[in-house]
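Starting off, we have a lone chain in the form predicted on its own, written out as structure tokens.
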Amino acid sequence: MRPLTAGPDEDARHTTPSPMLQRLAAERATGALLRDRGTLYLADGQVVHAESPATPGIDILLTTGGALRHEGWWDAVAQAGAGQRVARYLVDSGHVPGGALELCHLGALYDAAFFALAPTRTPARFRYGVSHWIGPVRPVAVDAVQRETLRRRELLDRIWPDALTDTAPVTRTAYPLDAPVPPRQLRVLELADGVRTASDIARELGRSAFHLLVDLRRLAAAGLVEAVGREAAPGAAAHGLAALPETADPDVALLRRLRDALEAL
């Protein structure tokens, strides 16, 4: 069957991240949806795997996190890659507990899908019958993947609406740390050297790239990081509002709105 192609503007016109993906789910298609920033693999209309160059793969998440030794991963690829049963081999050989593999795979799937479903003007293509060498783990409904992608976009915009730190190299600003910063964000700050991007930092730390974006946007909102090559915005720190704590306190929410209004002025 010839590859299915979507027009370059199709996905950008809808609130659904990918109407083409929705159609493939309805027809219970099996194959690979190739998009500008990643690939989603479907089996019987459900998402079974996702990959994106913007985020660490499941191999990095498993090995950096300590759930699996590097030798164990490459042993599984060598023994079961050709048969497209790497995941099954990892569990059956005792390299990784089944529950740990499912959790890690689910995290990697949603992470890569978020980037793969980013708005684009490049045509998407679907190759029928293509499957991934990792093999079956736990399929996810297309609706769930699309909802989670939209939820993540909205979360990032609520934290800080400027998306430049998502893709550009990031660097620390000259603003001092006026309030405690969580250890996880401190590690991100240490690697914000003006050369690394969010994806680079995520790979180095072996962390979800989306969660890395969340940390960077919070640091940007606090005036502690900025994208390289652009003049620093006034920032929260310039108004004495740096490092507002992460809380649902309505007073803090008011301060955030005040900060945004000051920057707009």
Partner chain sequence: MYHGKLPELLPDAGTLRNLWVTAVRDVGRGVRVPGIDECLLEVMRLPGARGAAVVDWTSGLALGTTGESPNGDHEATAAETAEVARMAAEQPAFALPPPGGAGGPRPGPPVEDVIITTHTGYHVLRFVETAFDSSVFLYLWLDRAEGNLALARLRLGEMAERLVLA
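Numbering follows the first chain given and starts at 1. Treat the numbers as computed from the prediction; the structure is a model and nothing was measured.
Another form, the form predicted together with the partner chain, is not on view; read the next lines as being about it.
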The partner chain contact in the model of the complex: Arg28, any heavy atom under 4.5 Å
no
If we define contact as a non-hydrogen atom of the residue within 4.5 angstroms of the partner, is Pro119 a contact of the partner chain in the model of the complex?
no
Although the partner isn't part of this model, could you tell me whether Leu150 comes within 4.5 Å of the partner chain in the model of the complex, counting any heavy atom of the residue?
no
Asp92, heavy atom within 4.5 angstroms of the partner chain in the model of the complex:
yes
I need to confirm a contact call. Of Leu61, Leu42, Val225, Ala198, which residue comes within 4.5 Å of the partner chain in the model of the complex, counting heavy atoms only?
Leu61
Taking the partner chain in the model of the complex, which residues of 57-77 have any heavy atom within 4.5 Å of it?
Gly57, Asp59, Ile60, Leu61, Leu62, Thr63, Gly65, Gly66, Ala67, His70, Trp73, Trp74, Val77
